[in-house]
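Next comes just one chain, in structure tokens: the form predicted on its own.
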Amino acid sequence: MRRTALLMTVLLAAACGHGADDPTAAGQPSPTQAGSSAALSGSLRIQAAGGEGELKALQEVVAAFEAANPRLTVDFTGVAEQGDHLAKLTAGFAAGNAPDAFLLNYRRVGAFLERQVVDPVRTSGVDVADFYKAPVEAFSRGGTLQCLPQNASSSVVYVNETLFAKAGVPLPSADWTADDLLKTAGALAAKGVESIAFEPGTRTVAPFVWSAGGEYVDSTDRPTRITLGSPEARSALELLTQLQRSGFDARQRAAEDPQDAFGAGHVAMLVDSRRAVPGLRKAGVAFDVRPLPKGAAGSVSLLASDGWCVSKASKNLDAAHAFAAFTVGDGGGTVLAESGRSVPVSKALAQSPAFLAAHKAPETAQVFLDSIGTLRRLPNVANQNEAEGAADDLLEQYFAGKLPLAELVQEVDRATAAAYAG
């Protein structure tokens, strides 16, 4: 992961030498946004990373966009792994052959914004006032929305209803606490059930640190280090370590992905974002969701948001911006909401049957919307990918029992300070 970030920084610098369309074009309505979709023509290349369910949904969005714009052809490249996605983008910009639009998590967009290869969002025809505030802030730089957020998910706890019932353990309530989580995990383990699985990295640790009343990064806007030395951060790490003892440990994670283990009925709880839903629906597991348990600071969740960025050097800027707008509107946005993968960034769409879908799991999809008010974000600076990679490598060692807590704190401080300074 760190090598990818370093490569991105080097190669994106080369991208600045390639020509770009007139930057004053940003802010002008595209033909589709103005209501004249027939004016769009030519070709468009877009790229995104995701699981099977997400890529399938995006292919459906592409097909719908092409149907609405018959003179336009869209070439969609779907990449399974985020690291490969970043590497392809980096190489494309360096070679002057980047896609016209690409989907990125806000925590990965900083390097592209730093090199000024992104054409800021054209808000004409897009009701940004209807968007949830957190993802808009995450994709903004200098007061300008740079990429168009597509979703606004949160970390939650998935519960396997079948395993809970077999163990005779009540499902957690919506207002459960960290102590309740420990008791629930212990009760499941006492019945021979693996209690919980989670990724041993930033996506899991940050919200538990925040809920405990601590900070994960010293500054969201100008980070210099990831800091885990506070009593609150240490307590969050110790809580997760305790949970691991009754759930999936490092050896089991090495053999089976946490989401796959939950979908296969091997574990009763899973900490993840909305991204897990399509795979769990396909697996046929009976599941629901609960908010993260409350700590000293309440229940605080991590913003998980992807956005469409438009390449400033695109030869079809109108179509690229129109496609981004289509993915969050009634057309494409509805397709993505119904796929289960995305919590729509549009409040109107998020509160519609397309997302809430009472006949589909999770039954309490409202949990994702209720959690939006508790969301916090991580930095979107150029070196965030490298800093997280350094922290995640060390956290993985910690949860594998190879690194004591005191040493973890020191090493994360040192490694992430170097990453942010680099």
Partner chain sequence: MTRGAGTAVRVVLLVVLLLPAALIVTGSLRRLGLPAPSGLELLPADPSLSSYRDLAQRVPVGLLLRNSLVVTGIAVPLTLLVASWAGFALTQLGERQRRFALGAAITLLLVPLPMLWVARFVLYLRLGLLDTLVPLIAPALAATTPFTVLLAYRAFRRIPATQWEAARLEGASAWQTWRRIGLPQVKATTTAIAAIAFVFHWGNYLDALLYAQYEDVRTLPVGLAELIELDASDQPVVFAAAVLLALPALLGLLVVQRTLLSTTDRAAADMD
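Every value quoted in this text rests on a predicted model; they were computed, and no experiment measured them. Positions refer to the first chain, counted from 1.
Not on display, but discussed next: the form predicted together with its partner chain.
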Looking at 293, 247, 120, 99, which is the one with a non-hydrogen atom within 4.5 Å of its partner chain in the model of the complex? 99
In the model of the complex, which of the listed residues (219, 73, 77, 241) lies with a heavy atom within 4.5 Å of its partner chain? 77
Is residue 130 close to its partner chain in the model of the complex, meaning a heavy atom pair under 4.5 Å apart or at it? no
Close approach of residue 157 to its partner chain in the model of the complex, 4.5 Å, heavy atom: no
Contact label in the model of the complex: residue 145 to its partner chain, heavy atom within 4.5 Å: no
Taking any heavy atom pair closer than or equal to 4.5 Å as contact, tell me whether residue 260 reaches its partner chain in the model of the complex. yes
Quick one: which of 145-153, 307-315, 81-89, 223-231 gets within 4.5 Å of its partner chain in the model of the complex, going by heavy atoms? 81-89
Going by heavy atoms, what in 40-57 lies within 4.5 angstroms of its partner chain in the model of the complex? 45, 47, 52
